[in-house]
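Okay, here we've got a single chain as structure tokens, the form predicted alone, with questions on binding and movement later.
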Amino acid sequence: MSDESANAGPMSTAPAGVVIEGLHKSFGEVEVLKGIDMSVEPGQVVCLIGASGSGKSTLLRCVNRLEDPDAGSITVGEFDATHADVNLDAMRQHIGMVFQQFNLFPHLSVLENCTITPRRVLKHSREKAEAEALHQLDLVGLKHLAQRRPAQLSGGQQQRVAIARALTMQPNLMLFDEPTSALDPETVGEVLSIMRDLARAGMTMLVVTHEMGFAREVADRVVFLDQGLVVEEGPAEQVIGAPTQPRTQDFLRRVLNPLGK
């Protein structure tokens, strides 16, 4: 990729693909990622699965440069994310990220949480930002709660607000880091439903998840990570339904049948 494209401004409105090559990341003496090669085609949904500590969340954070890789390259759309001169602010305008915790501002209303970034980063007027925020809140079924504070919402509602907030930036790529792990089991479905709708609309998505049913239904591809390495990847039905690698088989046996019956 040329220097010009590496330091490019905003990407096109087309879905953004991701290409990761030779990605390494250590924390102190612990090597968390040991040479990851994988890609997400524009419009694809790729789910990362694996045991806790396998490197899934670190990989996701490297894509958005919330963690700095030690070696390797990451390309997001027209941006070389690991180039020394990449404009991270411009790149991140096109990447939405939803975390395990909701990270909403407790002192702001739902509407204010969804307008603060478009107003400050994109310099949208209050009227334009609020119109877009209300549109996204309507899509996640929460427009009627726009004036409430986060503490007045359930966990599932807060996570849906977090998704709406990310979508107000009109991203080309959505990153989800175990978005249902902090939720009550009864509210997991409402968040997964929103993610399913995004996938059907053609949003490029890279998802860290333990929800095997969701991955099997929605993902175009599933990547199984173990101890910082890609052990197996392929179509969701193959990786989850008929894995070929013993480590993948063992992981899925434990996840899908935790009582060992």
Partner chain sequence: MALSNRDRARLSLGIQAAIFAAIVVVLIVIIDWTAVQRSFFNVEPVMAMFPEVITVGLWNTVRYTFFGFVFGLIGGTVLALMRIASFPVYRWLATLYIEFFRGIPAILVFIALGFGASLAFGLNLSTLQTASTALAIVGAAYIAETIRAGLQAVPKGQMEAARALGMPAWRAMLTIQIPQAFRIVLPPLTNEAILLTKDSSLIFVVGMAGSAAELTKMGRDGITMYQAGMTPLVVAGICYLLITVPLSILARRMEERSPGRSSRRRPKKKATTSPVSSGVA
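Positions refer to the first chain, counted from 1. Quick caveat: nothing in here was measured; it's all calculated off a predicted structure.
There is another form of the same protein, the form predicted in complex with the partner chain; it is not shown, and what comes next is about it.
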**Request:** Give a yes or no on whether every one of 53, 157 and 160 sits within 4.5 angstroms of the partner chain in the predicted bound form by heavy atom.
**Result:** no
**Asked** Is there any non-hydrogen atom of residue 229 lying within 4.5 Å of the partner chain in the predicted bound form?
**Response** no
**Asked** Quick one: does residue 189 come within 4.5 Å of the partner chain in the predicted bound form, counting heavy atoms only?
**Response** yes
**Item:** Distance check, residue 93 to the partner chain in the predicted bound form, heavy atom within 4.5 Å
**Value:** yes
**Prompt:** So in the predicted bound form, does any heavy atom of residue 41 sit within 4.5 Å of the partner chain?
**Reply:** no
**Request:** Please pick, from 140, 183, 111, 74, the one residue with any non-hydrogen atom lying within 4.5 angstroms of the partner chain in the predicted bound form.
**Result:** 183
**Asked** Counting only heavy atoms and a 4.5 Å cutoff, which of 198-206, 61-69, 221-229, 30-38 contacts the partner chain in the predicted bound form?
**Response** 61-69
**Request:** Scan 141-161 and write down, in order along the chain, each residue with a heavy atom lying within 4.5 Å of the partner chain in the predicted bound form.
**Result:** 149, 151
